[in-house]
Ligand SMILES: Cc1cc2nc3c(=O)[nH]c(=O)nc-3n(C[C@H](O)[C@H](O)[C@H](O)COP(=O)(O)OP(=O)(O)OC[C@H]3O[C@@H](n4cnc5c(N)ncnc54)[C@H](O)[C@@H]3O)c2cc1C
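Only one chain is given next, in structure tokens, and it is the form predicted on its own.
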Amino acid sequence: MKSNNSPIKEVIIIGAGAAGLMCAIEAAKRGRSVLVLEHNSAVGKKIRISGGGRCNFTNIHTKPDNYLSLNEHFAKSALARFTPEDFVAIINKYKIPYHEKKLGQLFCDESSQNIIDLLKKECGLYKAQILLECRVTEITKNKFFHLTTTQGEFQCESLVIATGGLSIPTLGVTDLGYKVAEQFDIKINPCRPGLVPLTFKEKDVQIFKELSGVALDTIVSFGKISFRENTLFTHKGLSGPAVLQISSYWEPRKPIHINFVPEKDMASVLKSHQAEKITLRNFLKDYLPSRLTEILCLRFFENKPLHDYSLERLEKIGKELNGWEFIPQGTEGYAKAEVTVGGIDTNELSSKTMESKRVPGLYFIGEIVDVTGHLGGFNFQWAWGSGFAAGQYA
């Protein structure tokens, strides 16, 4: 039998990450009594490690096209109401020095701890309470939501789930949010690791293992989706920004294509030099890292003088250099994934408030929702935007 004497808060938020803390600040600004429950011993563990410890806290070029979801329109409302400029205004309020690294990515000059401190100060300023090392063990709903936790019983009018996804389990991730959705019959779209390195099949490991550490500018494509950034060879497979980006879209057993020389039509280049005596390997060293050139010539193209290749063969080699086909074995999984693709079906939620259409007073925000950003600060902007949206209504 539940005790009805447990403290009643207007808003309880489970999860003290980026989305949860933003929601807490905004709800508390409205004069709501807010309690944030965090099962870890500190807030913002994912914030702390992001961006190599400098926190890529937003991207100034954020637009709906930078997100994937089964409902491509869902994120538009929250992103429009809380923009990168809005978050930068908070950064400036606390005089946190930052810089643009590339492609609109904003990073702290000093440390991601600056962002965590900012969020904690804002929570303190508006009297949002944070309870650490508090694990929720049971949730029920009558008039109020009733939470049983390792630090006692609590009740609330509005319950916000900001528990994050399944990526980076070493940070103490939990599937609690998904269990809450299941408990209240809220649909969850299939989840998978996103922004994650891809692994080679065994035969490709044997061929390319000596390239570990080699990086080059590429265009990586899956179907009609493509990204131009660096690709990095690892001892297990492929990583680097372009590969991480495409991994969120990649489907098992299907090929990705890598353009190793984005600036050139290599079929035309090779055919125009067909009369020359220079060997293919030496010729390609002007266009590719030498170790990659050696592997390709040793394993796939041979290494003859250009005049010993037919025009048809040079055309084929050129097309392969501009569209090398890989069928990955898989990914490195949630352990190395930066985000979780999939999650709470957006058709279950109001895009304006993030509230469940099925369960009044229940909200889902941040990574647990089926909205996944590209690499480069977009997932933080979704956390701020969705947290802000729920905080206006919870």
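Numbers follow the displayed sequence, beginning with 1. Every value quoted in this text rests on a predicted model; they were computed, and no experiment measured them.
As for the form predicted in complex with the ligand, it is not shown, yet the points below apply to it.
Out of the listed residues Ser33, Gln329, Ser351, Asn40, Asn40 is the one that sits within 4.5 Å of the ligand in the model of the complex by at least one heavy atom. This chain is displayed alone, yet in the model of the complex one of Ile258, Leu118, Ile168, Leu314 has a heavy atom within 4.5 Å of the ligand; that residue is Ile168. Contact annotation: Ala337 falls within 4.5 Å of the ligand in the model of the complex, judged by heavy atom distances. In the model of the complex, at least one heavy atom of Thr174 sits within 4.5 Å of a heavy atom of the ligand. Heavy atoms of Thr163 reach within 4.5 Å of the ligand in the model of the complex, making it an interface residue.
Although the partner is absent here, Ser356 is not a contact residue: none of its heavy atoms lies within 4.5 angstroms of the ligand in the model of the complex. Only one of 321-329, 356-364, 40-48, 343-351 places residue heavy atoms within 4.5 angstroms of the ligand in the model of the complex, namely 40-48.
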